[in-house]
Every structure is written in C-alpha cells, then in structure tokens.
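In structure tokens, the next block holds one chain alone, the form predicted on its own.
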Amino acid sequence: MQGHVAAPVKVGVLAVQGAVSEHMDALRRAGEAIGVAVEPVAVRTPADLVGCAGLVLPGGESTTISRLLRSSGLQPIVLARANQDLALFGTCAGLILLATSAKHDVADKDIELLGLLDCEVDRNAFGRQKDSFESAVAVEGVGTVPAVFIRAPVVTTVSEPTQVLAKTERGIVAIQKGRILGTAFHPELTGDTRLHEAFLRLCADAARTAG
C-alpha cells in the first residue's frame, strides 16, 4: 500500500506590489531546504486566500498596500484569521502595516495599520531609496543572515507578547508574536532562505490548527 503523501502547504503572497515573485521563489526554495512541499499563491482577493496557511505582506508602498487591502475586502479576513489559523510575515512595508502605531510621515497618509504586532515603527527610518544597503543581521533562533534595507522602517518600541528577534545600531529590525513575523529588511532579495524556512514552520503549525 502506498504511503500517504502530505498535501503541499499553501502560502499566499499579497500580490499588490513589491517583490511578489521573489517571495514566492524564496518560499519554494525554503520548502525544499526543510523538506516541506509548498504551494505559493498570489493573493489579490479573499477567494485567493482560501486554504492558505500563511500570508506574506511584502515591501512596497505602505499607503498603496493599505488601500488595496481594504478595497479588495481582504483586510477584515486577514485580521480575523490572524487570531485563528493564519501565519503572517511582513517585510519592510509589510512590517509597517502589521504594527499597532507608526510615526513620521504616517498621520497624513491613507494608511490603516492592522495592529497585529505590539510595536511602534518609524517609517522610512533608514532614509530614501539611494540610502539602500545590505548588512549582516543576527536573528534570534535563525542565525546571522544577509539583510537588504530599502527605504526601511525601524521598530522603535516593542511591548509583550511581541518579542525582539534582531537589532542593529539604528534600532530593532525583526520581531515576532506567535505566528506573526516582521522584518524591516528584505530577506527575499538574498539567497538565504532561513527566515522563510522559519515562516514555513509557522505556516505548518497554522495548517495543523486549521485541520
């Protein structure tokens, strides 16, 4: 009798803007690295999110992403499922949207924060596009990873139960609460898949909860 083959873990990437294909590729490679079958899905509508154990909120322009989350009808579903059976990974602008509060160049923008990570972020704290750079960052539980910072935010304050995973001389750049992960940098733009591997483990846990 043939052995049972586990169904792929379905993981969405919010496909509004940003490095969507890069995240999807990183998820595939991360799955191969840890022996987990992954089905990356581009998410634009609530129907696309059905069956997903996780959702990546990629970088881009936080105002645009926030507007599209609301106009598509995705925002209330993401908020409801985040407290039940959905893992989330926000990178750069995605981290901003997951925060409970933000300062500098936010009050006058049409940005509605999701409030899922207990933190305050400083939007564009690392400067403009021309100030982009790559650095090595030590991430708790993961190791030292290459990190690409592009118009990146920085986390200025964190409250429990959200935990700090990584800091630089400029401030906090990676945090986690349960199955919700946020980084100020872009791990999908490097060849290192360890953060995506960590996220896939959170997705697998979410899938077990849903099952």
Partner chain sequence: MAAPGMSRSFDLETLRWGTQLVKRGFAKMQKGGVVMDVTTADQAVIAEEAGAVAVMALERVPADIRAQGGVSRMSDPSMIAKIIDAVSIPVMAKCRIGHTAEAKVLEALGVDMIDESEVLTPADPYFHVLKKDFTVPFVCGSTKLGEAVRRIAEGAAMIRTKGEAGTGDVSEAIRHRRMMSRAVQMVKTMDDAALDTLTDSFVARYDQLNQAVLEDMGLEEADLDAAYAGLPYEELLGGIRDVLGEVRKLGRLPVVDFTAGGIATPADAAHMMQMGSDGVFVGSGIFKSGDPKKRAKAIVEATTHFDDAKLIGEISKELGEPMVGRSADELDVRLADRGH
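Remember, it's a predicted structure, so these values are computed and weren't measured experimentally. Positions refer to the first chain, counted from 1.
The following text describes the form predicted together with its partner chain, which does not appear among the structures shown.
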Legend entry - Distance check, residue 135 to its partner chain in the predicted complex, heavy atom within 4.5 Å: yes
Inset, instruction - May I ask you to check whether residue 32 falls inside a 4.5 Å heavy atom distance of its partner chain in the predicted complex? - result: no
Inset, instruction - Please run the contact check for residue 197 against its partner chain in the predicted complex: heavy atoms, 4.5 angstroms, yes or no? - result: no
Inset, instruction - Check whether residue 67 has any heavy atom within 4.5 Å of a heavy atom of its partner chain in the predicted complex, and answer yes or no. - result: yes
Legend entry - Stretch in contact in the predicted complex with its partner chain, which is absent here, among 34-42, 144-152, 49-57, 176-184 (heavy atoms within 4.5 Å): 144-152
Legend entry - Within 156-171, the residues that have a heavy atom no more than 4.5 Å from its partner chain in the predicted complex: 168, 169, 170
